[in-house]
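The chain that follows stands alone, in the form predicted on its own, written as structure tokens.
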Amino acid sequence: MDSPLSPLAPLPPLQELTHAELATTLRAAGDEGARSTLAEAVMREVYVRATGSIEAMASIGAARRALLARAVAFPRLACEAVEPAADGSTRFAFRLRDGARIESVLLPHHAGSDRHTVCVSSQAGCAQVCRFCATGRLGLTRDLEAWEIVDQVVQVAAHARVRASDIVFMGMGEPLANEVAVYRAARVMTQSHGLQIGARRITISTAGVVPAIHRFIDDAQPFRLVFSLGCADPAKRRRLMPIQERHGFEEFIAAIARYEAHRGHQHVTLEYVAIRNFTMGDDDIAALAALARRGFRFLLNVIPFNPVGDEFEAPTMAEVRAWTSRLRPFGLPVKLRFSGGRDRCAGCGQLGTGLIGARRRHPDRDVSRP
């Protein structure tokens, strides 16, 4: 008989179940206790006490642990590396059951705050091939399952002995290319008996998968969506982000405008990559000014480019501040993004840097899709 931990076992992963779904699953398996009591105990063990296996759930009796093992699987990611950065951020590297590798980042908020953001991956590798991102150089290995996304948060928080207050889907992969698993994982994270992360504290970033943006709106997903603009000049953006070949610039901007209207015309966030001698010129100022005249409200979140390869140059923070100051006459709200963990290749666009060499040494393991 297959073990509950076998990848072939037809059991639902514990980390993919909401509290209500877990209670229903346990009752179907024969739990005759008070409604939801065992489910609540299990959720506390996994998400509060960070217990690593069913056998180690000390608050649950042996008979009920055996019932739990018959009802659900409790797979775990293998944590291979934990690398603290000088700024307080920490990069985590995980190995999946099939040997693929992903990375996550713990980002503390300002000094004195007890809030912590976990930047999670939604795919192993990425098919979007954005020129400013190391992950794109890996190609796509596969989508992550919902439990693999949730387990990143559980393990990162447990290792750091903190509570995750915010989640950003800005790690490896394009979240809206794996939307079903991403939404399932995000929903599990909001459970009051689990991680207790508010839906508005879960941010999903997309490079511009336009049909999925419209589905996000149509389905009234409760999470926050932000958009990787990269650059406001369509020709430059095409060079930076090949996804524009599939979903054109105007199509992308129209979807963003629809999302802004869906949010009651609140500002939406556009992520802009500041690259010396490429996206920080007079023509880029003009392109952003023209975008501002489109009529929808947006906040420009400017991310200084972190070195990836040798195609582009990283600007200094002084250069970025001087360039963004020239946007003020157009009434554009601008925020400079802090990119934590750069010295550990955990900054924006750097995840997967350490895996590129491994792919080159073992090309037979690369099952990426174009």
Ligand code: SAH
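Small disclaimer: the values here were computed from a predicted structure and weren't measured. Residue numbers run from 1 along the displayed sequence.
As for the form predicted together with the ligand, it is not shown, yet the points below apply to it.
Proximity to the ligand in the predicted bound form, defined as a heavy atom within 4.5 Å, singles out one entry of A207, L106, V188, A124, which is A207. Residue in contact with the ligand in the predicted bound form (any heavy atom within 4.5 Å), chosen from V46, I303, I54, L26: I303. Proximity of Q152 to the ligand in the predicted bound form: non-hydrogen atoms within 4.5 Å are absent; the residue sits far from the partner.
Interface residue remark: V273 is counted as part of the site for the ligand in the predicted bound form, having a heavy atom within 4.5 Å.
Within this chain, C133 lines the site of the ligand in the predicted bound form, having a heavy atom no more than 4.5 Å away.
By the criterion of a heavy atom within 4.5 Å, C348 is counted among the residues contacting the ligand in the predicted bound form.
Only one segment in the set 306 to 314, 320 to 328, 59 to 67, 46 to 54 has residues whose heavy atoms sit within 4.5 Å of the ligand in the predicted bound form; it is 306 to 314. Taking the ligand as it sits in the predicted bound form, the stretch 223 to 255 comes within 4.5 angstroms of it through a non-hydrogen atom at just one residue, S228.
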